[in-house]
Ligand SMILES: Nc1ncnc2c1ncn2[C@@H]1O[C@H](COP(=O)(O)OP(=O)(O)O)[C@@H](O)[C@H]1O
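Quick heads-up: it's one chain on its own, the form predicted on its own, in structure tokens.
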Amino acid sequence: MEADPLKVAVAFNTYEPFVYRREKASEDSVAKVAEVVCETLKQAGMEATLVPLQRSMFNFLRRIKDLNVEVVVNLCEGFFGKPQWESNVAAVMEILHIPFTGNGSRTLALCQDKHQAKAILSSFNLPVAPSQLIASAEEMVDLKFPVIVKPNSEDASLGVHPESVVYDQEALAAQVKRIIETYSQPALVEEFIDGREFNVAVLDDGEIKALPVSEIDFTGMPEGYPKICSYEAKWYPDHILYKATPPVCPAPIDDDLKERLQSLAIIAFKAMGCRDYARVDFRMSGQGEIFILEVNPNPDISLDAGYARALKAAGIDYAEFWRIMIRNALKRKEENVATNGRR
């Protein structure tokens, strides 16, 4: 007798137009990714249903209960327009013993706070660029210019634009003021590493492994623009900066550099308590020094994004990736049942 198809909910947060942020493209993309994932799971023989998280957590949870799903593919990058509440969504599912894919609430919360995450990485003797957390435009920084100014608790390059790289105190004060007023949070000011940018996708399929290294190719960057992957470069396909920053995977690097980046990525993955999948971003100075920019525990997983590109370079089918993630989530459920003695 043929088994019933696995019931899966594909959860994603919806765009909230009344929240402060001006960058909309990254939030719109979440629903599109969820549709692709849902269709992929259906083609793989599962009974997958889209479950949007809107303004009511209660309605979201009731929908999951009514569907009687066995596992949730968690694509939620926030709640009610706030990326800082991304970890809260995972925490609620943990409390209710709902198995879900991706990282747990603790890791999501730790990585969301860039200043805190850098401190954790540094405690593991991992290389991070010198930085300061600034809560006022009047504060002075003890860093070498140029520096780059970012919101401390955002993702998807929100708040990062070409003018975010500054070369003097006056421009720094203006950018810090912009961050505080626009995002209602402190600014992370970091020494700007003017060099190459790499990222490494990490996958846990029973064994934590680093996928092929990807590089952002800055050779076509227009004169006068800093070599960064800004919001424009990441989310606006028609923008000059998007076209000037193509990703290359596998990166054209020697085996020694590849192994260094992949080794650091795996250590960072473990240091931040990651599971299932994550992406680690790096900069390398002209002198060959490597610095970890951040660990992204919930990277863009769309078919044309960096993580899926790394999967393809590693010879891992997109549908197979989701089978692995679902298998991991169900295994965690079984282990929790065994540990707690509930049957």
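Start at 1 with the first residue shown and count on from there. Bear in mind that the values here come from a model prediction, so they are computed numbers and not experimental data.
Missing here is the form predicted together with the named molecule; even so, the following discussion is about that form.
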item	value
Triplet Glu77, Asp113 and Gln185 all within 4.5 Å of the named molecule in the model of the complex via a heavy atom	no
Residue contact check: Glu190 to the named molecule in the model of the complex, 4.5 Å heavy atom	yes
Glu197: touches the named molecule in the model of the complex, heavy atom cutoff 4.5 angstroms	yes
Interface membership of Asn88, the named molecule in the model of the complex, 4.5 Å heavy atom rule	no
Non-hydrogen atom contact Asp155 with the named molecule in the model of the complex at 4.5 angstroms	yes
Residue among Val72, Leu211, Ile179, Ile228 with a heavy atom within 4.5 Å of the named molecule in the model of the complex	Ile228
Contact assignment for the named molecule in the model of the complex, among Ile134, Leu121, Val160, Val202, heavy atom within 4.5 Å	Val160
Options 288-296, 308-316, 57-65, 42-50; stretch whose heavy atom lies within 4.5 Å of the named molecule in the model of the complex	288-296
Heavy atom within 4.5 Å of the named molecule in the model of the complex - qualifying residues of 267-293	Asp281, Arg283, Leu293
